[in-house]
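Form predicted on its own, single chain, as structure tokens, below.
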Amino acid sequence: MATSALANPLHILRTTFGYESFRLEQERAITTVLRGDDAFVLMPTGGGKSLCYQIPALCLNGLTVVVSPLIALMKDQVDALRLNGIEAAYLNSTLDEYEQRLLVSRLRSGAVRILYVAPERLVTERFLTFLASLNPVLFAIDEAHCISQWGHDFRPEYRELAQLKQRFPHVPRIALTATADEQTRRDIAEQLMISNENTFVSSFNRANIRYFVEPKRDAYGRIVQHLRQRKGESGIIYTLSRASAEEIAERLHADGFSALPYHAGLERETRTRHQDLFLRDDVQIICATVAFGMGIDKSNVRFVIHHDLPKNIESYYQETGRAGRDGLPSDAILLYSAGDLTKMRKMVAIEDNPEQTRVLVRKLQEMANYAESRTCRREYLLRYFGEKFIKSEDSCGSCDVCLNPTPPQEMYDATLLAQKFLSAMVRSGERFGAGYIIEILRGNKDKVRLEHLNLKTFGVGTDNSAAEWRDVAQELIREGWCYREEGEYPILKLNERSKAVLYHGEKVMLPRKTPKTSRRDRSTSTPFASTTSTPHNQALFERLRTVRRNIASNEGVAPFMVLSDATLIQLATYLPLSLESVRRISGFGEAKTERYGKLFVEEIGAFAAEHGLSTQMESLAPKRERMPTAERTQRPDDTYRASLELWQQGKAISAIATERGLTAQTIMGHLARYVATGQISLEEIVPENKIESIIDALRAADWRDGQAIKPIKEALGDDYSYGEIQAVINAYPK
């Protein structure tokens, strides 16, 4: 399925959405769909999944149908597309009869490029027949993990989407999700019949999110401590129960925080109002059950706090991924108690389905293992999703484990304790969990079965407290001296190492617990990451937020849909004072530049005049040349060309600068442009030793196209010019 010359994906990315280059696996997925093949995309939340079908939709001549599970998600996506000048619509129960008839008319006339619809409606015979008359060119299946019974949000109606292949055999499909382990991925691919070579898995690493696990002691006090460090910023607090969501929201409100609850027990109108207030920045904090968030596209959520243990790592990853979708520093806090694990085991069990119960319990245990782990949180998450994380200096630098490493622990000989514990396991038949084994060792007659009162191990552990035995049990399991069997109940079993201890006298050394220096207690002193760490003018940023808020109010949309916080920060950093300069800011496509550019330029100009500031656009890496529009045909850039011609005559940069009345830095910037075209070799204008240093600095900063080069310049020092840095970037685009 071919695209026209005017519908180039990169051109659409730049002019419609305002981004300079593709990220992760976007380009490969888009190319696959445009040649008429199916594709399966796994991309982290905030990674730009939507662009993988929105850009093909604008390249292809016809209707793209997007399967979306939630009404809120449909509306947000359509609103965002319309702000970018794209004709999109949704068909769901919120439309009355007249609105539905009007939409049908627009669909038949070809006025709509992208249509969002729920799976329940899509798979009806009536709708499929109607759809066939519209000749769709692409199907996008969003939140594709819902198709798998092994996924964390299985929906039976998603299974019926497999029939699209039979009904529309020549229409490509693209399935997308942010979270799926290996088993879920295989199930999705099998259900939709998508080949492995057309499966595109991007890194699950959300580099801008910091992960913390803290003990669930004085949980409310810990939440308040964190919120005070994030005053005025948006965040979500997830709870296990509706009652907890209500209680925490009420207490926060009484303590002066802007907070509201959200859960399925509230009236629909109340839920919608609370959600809208949060989306529009009128309320900063939502205290919610997991009913909240699947369809939330809010980009400026700065923190997610889990008051209770999630059911599995997929859910945890997806929920924490609602923070920092704009790429700015954000935090994920999990308050953990082993008691939560016990409660959750009962909740995940499915009556009359032992196989699925086994899988769900295993996933829950993985979640608990993550919380109890002493290894890097980021490394653990990525390993779970089958990805290897390469750390620098053995630290990710952005989780509680790596930020507050546990000092080397004192080891002690725990052989006798291990023998007592493992012996009690054997004598009671390896049919119980750690709690019951401890009751046997402690000689608790009221908690132990009658047949176990005469065991030789009954009461042999009274010299140690129950808490000390729990620590021993936890370490024996963690260090692999025994194991916890998967299933509904946490039964402990012996392994080969256990038998070596019991029957061959193998020595067991365990770390001595040191509560005063434990990592979890110290991690609470680690402050939230802050968006103010970005070098921008905070006062201007706040004024631009007001401009954005006014625009959003007039448009009837959430502020983040107009422009993200990341875009406002770029504006407040580089102070563009013309529409042409605004076009260089990430997030400003042609439609938004036309509609809103002047308002922001005027506000920035007024602020700059009041404070005696000037534009800093010269320190922003220039966007690569956009393809010409009807108004901007291909015209030679005289000033750049003049510098090139003088250089080709053999003149030095300093001589060219003198002749043209410009600075040497400006001339260097002109020549750097022609490194990208191959008309000048990099080595001609940048010394070899500098090239290596610049490349090292770019790699260290994980620099990407469109980002500022000012931090790179500051890191390298005065001996390096912006032009030299830009020349290297042009020679090695990333």
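Residue numbers here begin at 1 and follow the sequence given. Only a predicted model underlies this, so the values are computations on that prediction, with no experimental measurement involved.
Another form, the form predicted together with adenosine-5'-diphosphate, is not on view; read the next lines as being about it.
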adenosine-5'-diphosphate contact in the model of the complex: Gln26, any heavy atom under 4.5 Å: yes
Close approach of Tyr19 to adenosine-5'-diphosphate in the model of the complex, 4.5 Å, heavy atom: yes
4.5 angstroms heavy atom contact with adenosine-5'-diphosphate in the model of the complex for Leu13: yes
Contact label in the model of the complex: Ser693 to adenosine-5'-diphosphate, heavy atom within 4.5 Å: no
Which of 31-39, 49-57, 62-70, 693-701 lines the interface with adenosine-5'-diphosphate in the model of the complex (heavy atom within 4.5 Å): 49-57
Answer option from Arg325, Arg173, His145, Arg210, heavy atom within 4.5 Å of adenosine-5'-diphosphate in the model of the complex: Arg325
